[in-house]
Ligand SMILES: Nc1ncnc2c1ncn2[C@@H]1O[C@H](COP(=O)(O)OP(=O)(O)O)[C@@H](O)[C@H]1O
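Given next, in structure tokens, is a single chain: the form predicted on its own.
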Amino acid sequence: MNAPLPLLNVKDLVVRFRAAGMALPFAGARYINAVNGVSLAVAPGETLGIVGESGCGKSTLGRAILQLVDAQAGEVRFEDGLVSLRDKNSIARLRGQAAMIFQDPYGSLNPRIPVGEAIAEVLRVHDKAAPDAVPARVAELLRLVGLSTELAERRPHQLSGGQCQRVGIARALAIEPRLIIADECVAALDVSIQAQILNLLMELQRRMNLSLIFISHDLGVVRHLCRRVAVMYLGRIVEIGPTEQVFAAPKHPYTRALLAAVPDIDPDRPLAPPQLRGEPPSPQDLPTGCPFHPRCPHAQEVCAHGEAPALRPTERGDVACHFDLPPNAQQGEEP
């Protein structure tokens, strides 16, 4: 049987921002390279995690998919239809079936209006309910995310962070989406509330067959929630594959370093030696060759002066590295 077509297909997406401040005379404008040629696909009902250090381009990628920021190159296809800023109807179709849950549960809601009205506004704009059916649908969405319907009259400052995030999820569900992009949506919450929100997302994903892109820096959360994971570094995907396989046998040195940095709760186990050296390069001045080579313990001449490695398939997913590292490669060993 043929595999189903991806719900979302992103190809060679590039996003650059002009750097703040005035350029020096005759020096020309300088740009921040936020997303550098990212390609990925998401199947119907799939959960894809995107992880990486702060500033690696995760959130910008999510916003660019929904056309909330402009991309300078590449393409986004939703249900095999091209989404383009030149075609407003294509953006309307995308946003009618795809929604975003933002990191800040308070900042993503209008403080001046009750949360029930924030959900009702989505229903009216996207024509998802008849005018006389809007209050009942708002109540249904609040119950769906585990909130009392009495909270509809409250404003965001009268709710807890977890309650506000549930309202954000209810607002995303109001358009009856096929795809949700969750951008660090539990990062600002207490651990106990994080677990509640994650369990809610998993339940909704199964019940509604949602496709979910979950953006996070928390590897444990991604492992718990996502079937596949993509690892980003300096705006590029350096490894992507089934979550358990990537976590069990990472192929890229950066993925290995991220996993090695996860704290171990065993007090008798010594801390692992650091696997990364230095700081990430500036996105305004990317290194030649492989963007990870200045920090890579396995870097060789080709890494610094050759072409930047593209994603290539392996038996456990795709990896952007010139070498096949042995399973037990440690810092300082030659590949």
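Residues carry their position along the shown sequence, with the first being 1. Predicted, not measured: the structure shown is a model, and the values here were computed from it.
What comes next is about the form predicted together with the named molecule, which does not appear here.
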Considering only heavy atoms, tell me if residue 55 and the named molecule come within 4.5 Å of each other in the predicted complex. yes
Would residue 283 count as a contact of the named molecule in the predicted complex, using a 4.5 angstroms cut-off between non-hydrogen atoms? yes
If you check in the predicted complex, is residue 32 within 4.5 Å of the named molecule, heavy atoms only? yes
Interface membership of residue 323, the named molecule in the predicted complex, 4.5 Å heavy atom rule: no
So which stretch, 41-49, 292-300, 57-65, 305-313, is the one near the named molecule in the predicted complex (non-hydrogen atoms, 4.5 Å)? 57-65
